[in-house]
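Below, in structure tokens: the form predicted on its own, a single chain.
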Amino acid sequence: MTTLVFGHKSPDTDSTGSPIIWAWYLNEVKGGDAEAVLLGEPNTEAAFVLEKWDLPKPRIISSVDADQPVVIVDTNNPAELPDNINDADITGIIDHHKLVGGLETKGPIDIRIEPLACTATIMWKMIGKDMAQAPAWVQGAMLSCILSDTLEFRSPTTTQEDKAIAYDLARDLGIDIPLYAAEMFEAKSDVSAFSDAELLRMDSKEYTVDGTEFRVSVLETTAPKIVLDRKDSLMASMVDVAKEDGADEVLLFVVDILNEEATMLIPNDRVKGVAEKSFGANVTGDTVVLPGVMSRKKQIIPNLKV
């Protein structure tokens, strides 16, 4: 049976590119039968990367069959996976997030979780010498994932391994990193076609703090004004999105990639309290700027307090 390889819902560049990379490795190097799939439409940056490297968009699935062999990448959180994920035969997990718990396997599996900025960095290390036979599109997907997850090395999650591997890949591909990253971020910043609800769910994760259910959403952009000009309608949509998704609050952080700061929207007193307790912010309006805040994984979620 074909092994399905997929990342989390609301796939970003890493959760789009890493399944493609690992399916190539399982098929072409290990001699297996694997298919990369997605758990939703890729974001605009991921769509740009697919076009840039002439990669077909993987098919989108919403559930898995019982006993379906799967490899999970870029997450180990059941909330970010199909509801029936524990019915599948999970054969591997490759991730760079904290261990959440809740997944059940049918036997011993291969797990690789490392404190690196990007899943593709881990894959580069796992593939090892076999990277010599990787086609340009595999290398391009890897480079794109690393530049996306590190925000071109601006994110505090960036490690020296991420940077060194990215520079090696860029050299082999003849890619100018600043120019290519600028193209990627420009694509990521084009959110004009998305509704407010789609923006709030585009790059979001569920997180519980002392019994309060949050949907923590991040929009990374080089043009924050485009998003912030919609703040009134975004804050109005937060109410509906929270209700539909079973959350108490939606927290939205608009990350300014170039100025290395985040603007948090403050729709009500509860979110104001979260901003003040979590980040020591002095909130006087419906937004607050958080200097240096770039990473949900390292700077936002670990600090959330209610």
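For every residue, the number given is its place in the sequence shown, counted from 1. Computed from a prediction, not measured in an experiment: that's the story for all the values here.
Not pictured, yet referred to below: the form predicted together with a further copy of the same chain.
With a further copy of the same chain left out of view, the stretch that reaches within 4.5 Å of it through heavy atoms in the predicted complex is, among 164-172, 194-202, 131-139, 113-121, 113-121. Contact between Glu104 and a further copy of the same chain in the predicted complex is found at the 4.5 Å heavy atom cutoff. Interface membership of Gly211, defined by any non-hydrogen atom within 4.5 Å of a further copy of the same chain in the predicted complex, is ruled out.
In the predicted complex, a further copy of the same chain sits within 4.5 Å of a heavy atom belonging to Ile93. For the chain shown alone, Ile109 is a contact residue for a further copy of the same chain in the predicted complex, at least one non-hydrogen atom being within 4.5 angstroms.
Taking a 4.5 Å heavy atom cutoff to a further copy of the same chain in the predicted complex, the contact residue among Leu228, Val100, Ala79, Ala182 is Val100.
In the predicted complex, Lys297 is the single residue of 274-306 with at least one heavy atom within 4.5 Å of a further copy of the same chain.
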